[in-house]
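One chain is shown next in structure tokens, namely the form predicted on its own.
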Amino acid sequence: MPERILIDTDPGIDDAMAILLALASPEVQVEGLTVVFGNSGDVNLLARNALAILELVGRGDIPVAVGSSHPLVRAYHGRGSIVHGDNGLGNVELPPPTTLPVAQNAAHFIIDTCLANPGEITLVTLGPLTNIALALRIRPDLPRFVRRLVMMGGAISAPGNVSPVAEANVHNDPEAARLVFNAGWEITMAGLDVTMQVHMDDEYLGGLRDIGNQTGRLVWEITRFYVAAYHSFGYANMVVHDSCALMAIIRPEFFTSKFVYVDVETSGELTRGQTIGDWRRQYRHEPQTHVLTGVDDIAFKQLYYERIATLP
């Protein structure tokens, strides 16, 4: 049976790539998308991206719920447009979606979906953890009803990407992240420790374009902006973040991991948003997070190619 997943996302370029991977993979069944700020501060724009991506591959039946437009306690000062363009998708315009988000907000959609299917839903988070934190504020017992949480976010041993120590999704709402890490569920963390090991160059991306379907062409088109951004940061190729969280469900054997207690710094002047792994159990807490540390990037990219080729 496929693993039933609910994807919480801020649909930018790498989110779109991850959503497409999920839709193409029989190992998972996408029950819905919930949308949070992150790659843009305009959550309604991001919701339109989510709807447009689903419709592009004939999955307009999957519900989309709109969530938080700002962090729990701070103003949003993200710079997602530098990496994702003004519309979140590298300034590539998709056909306007014909469907609308559901009336329910994301936090209540998450709660209702999980409580109606106890122990069957895996939460997959690709953006700031605000929607999940809001759901926990309403139902602190939510982890009892969730199979597990798989997240793209954080950095334990790797340098940060928005500060020397912090990864963007956690940094955008560290208070929410701290609440989520300490909620009492099993977590798999695809942070920068592993995502920075998966690179796609133009030869590979050109191969996706040349598959001959509209999905492969879309990945090529939206990554033109993304690749240019990584070049400006001094990287030879783009790095694949969000798809790592999905691939960790689809092919866990591609990854290595370490089990450790993880917490989040919320008040440090220089370290806000840092994810801290307590390798020596100095905090006296039991481990709760499988931190992904390594990946077979060749097998990863081969399977990604194969799956994209199955879409329209």
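Just so it is clear, the model here is predicted, and its values are computed rather than measured. One-based numbering along the sequence shown.
This protein has a second form, the form predicted in complex with a small molecule, left out of what is shown; the following refers to that one.
None of 168, 238, 121, 180 but one reaches within 4.5 angstroms of the small molecule in the model of the complex through a heavy atom, and that residue is 168. Shown alone here, residue 215 lies farther than 4.5 Å from the small molecule in the model of the complex, counting heavy atoms only. The small molecule is not shown here, but in the model of the complex it comes within 4.5 Å of a heavy atom of residue 242. Proximity of residue 189 to the small molecule in the model of the complex: non-hydrogen atoms within 4.5 Å are absent; the residue sits far from the partner. Residue 126 belongs to the set of residues with a heavy atom inside 4.5 Å of the small molecule in the model of the complex. Annotated contact segment (heavy atom within 4.5 Å of the small molecule in the model of the complex): 159-167, selected among 159-167, 96-104, 216-224, 197-205.
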